[in-house]
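A single chain comes next, written as structure tokens; it is the form predicted on its own.
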């Protein structure tokens, strides 16, 4: 009996310990499998950083050069690994500098936990030095947030934060911790969160809805799939491919769905959206059954809602009930994780072919190829195009790279022309369209996938928004490859000014620095390409390098991205020139 009591006492001592809140936070992170944090220290989070110093062998902290860089790096890491990204900052400006990355993660459903320091509890609401109401500020752009003011709250709140961030439709969570809670002590014990009252992250699939969806698909003459990031987040790539092949159904991607299915698959017909492919956009308004999987009918995909797919029966596979019937009225809603719901659908689908319908996509592709694609990737004019740079990167990487793009013309070119053979390979800012995303997100993606080639495609405008993150690459020798497509303009805005504002280039012409010298200042191998004859060799040299590499390519200043759906127009009104 005494031995049994001793064993119980010993077991209790193993699971609880008296430690500070700052150390407790570190143990929470370790318990959740975190091994990498991006952040920037300051006074209100200093106790946590002091504990991080003691745990360097278990937890790597990457000092970014700006808190926004920390948030985007955590996003890139999360998107390529599927894990929860972690970013940390101090109170006040440190916390507010995270907000852009948090908002980006919220709209793109990226799992992330952000930890911010806060002034001590007794000073809350007094306008103390570097005090901001980050909980109030971040409420609209987080999946959940919470301010810890008592040390005893830390284990439960951190467990809840990670559970909410990764479960169901993922998203960012912010935990604000007052300084007194970091210094005070508690008897620490950690239990992972497995559920939260009133929060149901994954709806139960409805068999009747799945049977209705199967009936519509089996009776369709012109079925059409549009797949989004929900396929990747739900790890439903195999189920999507099986559905496409069994039903003989053409499938197109949203920009965040790109790479869920290999781009060269014969039934993968291209990209929808404002700068998507001609056939996938026009034929949206000619299909008889539209099957939307893990996408939210964003305005860049639908164009004018009054004319979007009005002839079609619409089936929506979606994990978040709030997205169903939000923008587009659907005939059948199938709620649940796409892996589970598509798995239930597959046995009900008849083996089919839709040759005549697929021929329509081929015909439209031929029109686009002759009018747009051929000129983009095999130009006859003297100046370099963004498309031919992307084509050279495809060839040099064997279509196996992770492509991280910033926001602008180059982003649309990357999403149109990059080729992929595996999932989680296209990392970009979709819903928020955040310039400055590309460089830090590429750093995070590379640290999350050191065995893969990671290439950042960035414009000269967005590059200068977070150019300071070259310091992270230098300090940690992160072997990411950076390609800046430099047209000396804010290219996407300039394109709109040309097409819709009579070429009045208001504040879009850029006088740029010597990007190569800046990269060399960070001891990063660099090269500039001006002539087409230099391009192939320069790309090959960059990809062959085992070290970080910067490549600037001077491209045409007034090179536009087509096709294009003008704002407010129908998807059928897409312009080829």
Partner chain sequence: MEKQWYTISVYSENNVGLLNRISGIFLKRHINIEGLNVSKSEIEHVSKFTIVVNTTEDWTRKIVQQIEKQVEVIKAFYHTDDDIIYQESALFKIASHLLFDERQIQNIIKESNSQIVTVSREFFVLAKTGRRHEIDEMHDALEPYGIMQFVRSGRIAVTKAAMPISELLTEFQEN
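Numbering follows the first chain given and starts at 1. This structure is a prediction, so every number in the text was calculated from the model and none was measured.
Keep in mind the form predicted in complex with the partner chain is missing from the figure; the text below concerns it.
One residue of 329, 310, 351, 378 in contact with the partner chain, assessed in the predicted bound form (non-hydrogen atom, 4.5 angstroms): Filtering the options by heavy-atom distance leaves 329.
Contact assignment for the partner chain in the predicted bound form, among 364, 419, 339, 160, heavy atom within 4.5 Å: Comparing distances to the partner chain in the predicted bound form, the residue within 4.5 Å is 160.
Region of this chain that lies against the partner chain in the predicted bound form, out of 489-497, 162-170, 178-186, 94-102 [heavy atom, 4.5 Å]: Of the options given, it is 162-170.
Interface membership of residue 142, the partner chain in the predicted bound form, 4.5 Å heavy atom rule: Residue 142: yes, in contact with the partner chain in the predicted bound form.
Any non-hydrogen atom of residue 324 within 4.5 angstroms of the partner chain in the predicted bound form: Although the partner chain is absent here, residue 324 would touch it in the predicted bound form, with heavy atoms inside 4.5 Å.
In the predicted bound form, residue 200 touching the partner chain (heavy atom, 4.5 Å): So residue 200 counts as contacting the partner chain.
Heavy atom of residue 204 within 4.5 Å of the partner chain in the predicted bound form: Output for residue 204 is yes: heavy atoms within 4.5 Å of the partner chain.
Those residues of 104-137 which, in the predicted bound form, come within 4.5 Å of the partner chain by heavy atom: Just 136.
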